[in-house]
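The data below hold one chain only, encoded as structure tokens and taken in the form predicted alone.
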Amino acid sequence: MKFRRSGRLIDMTNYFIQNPQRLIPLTYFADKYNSAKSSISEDMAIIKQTFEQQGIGTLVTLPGAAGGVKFMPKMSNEEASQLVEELCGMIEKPERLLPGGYLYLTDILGDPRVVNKIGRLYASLFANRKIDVVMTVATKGIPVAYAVAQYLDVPVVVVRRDSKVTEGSTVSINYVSGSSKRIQTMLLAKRSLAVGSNVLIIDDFMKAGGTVNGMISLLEEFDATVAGIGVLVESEDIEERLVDEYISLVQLKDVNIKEKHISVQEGNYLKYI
């Protein structure tokens, strides 16, 4: 079927957005639209320019017989700042306070619109790193991990606190919780992670970093490499941080239970844009 250029541009744009990070041969589009490769190249130049102008991402072309083109999602600095500002406004609402000084974040993590934007921002921040898989710990970090993995086009592995029959054989470790200083256990199914993988760790909330540090120790059992660490919210008032290299979107500065006041600010993500 022969497509007009306007139709090709719309269809190609949709295909790239639905398939980020995937290398697509030019012959795929040429055959699909029954068009010359030169015409397809011109179409991609238009799409690439529009993506970059709108801060959506870019198209990267790899030459050679095994080459092709792939869409790399990006988020502009302006859009990233707007997202983090929106997150800060949502998190600092006093009704989020729970007994013990904990924060209710389930509604944010359950909002597909917000989580999807968070995923694109993290995919943009880690776009230039070699990542084979995204890892998180059950359960609240799972939505964010899947959103990030979607834009990076990699699978997700979930670390759990207890063993599941459906997981098969597992690898488990004991680690020290950074905040409570208690010995806890986490485990991962052996077949869920290939030896030597490059892993991006995503967590929804980090205090001292004990959970993240535990995941790092668990990855050592798989001879895996930590490609990066992303944290949605980090707590500032910590005497000893167990993790040094990480990217946070929001920093929790102060929680006053008596006055029901929550003070937040943007995290350290601006250093990595």
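Numbering starts at 1 and runs along the sequence shown. Predicted model, so just to flag it, every value in this text is computed and none were measured.
A second form of this protein, the form predicted together with another copy of the chain, is not displayed here; the remarks below concern that form.
Residues within 4.5 angstroms of another copy of the chain in the predicted bound form, judged by any non-hydrogen atom, belong to 150-158 and to none of the other stretches in 124-132, 150-158, 194-202, 82-90. At a distance threshold of 4.5 angstroms between non-hydrogen atoms, residue 189 is in contact with another copy of the chain in the predicted bound form. Though the partner is left out of this view, residue 253 does not reach within 4.5 Å of another copy of the chain in the predicted bound form, counting heavy atoms only. When contacts are judged by a 4.5 Å heavy atom cut-off, residue 106 counts as touching another copy of the chain in the predicted bound form. Using a 4.5 angstroms threshold between heavy atoms, residue 24 stays clear of another copy of the chain in the predicted bound form. The partner is absent here, but in the predicted bound form a heavy atom of 46, alone among 238, 226, 30, 46, sits within 4.5 Å of another copy of the chain. Contacts of stretch 9-29 with another copy of the chain in the predicted bound form, defined by any heavy atom lying within 4.5 Å, are made by 9, 10, 11, 13, 14, 17, 18, 22, listed in sequence order.
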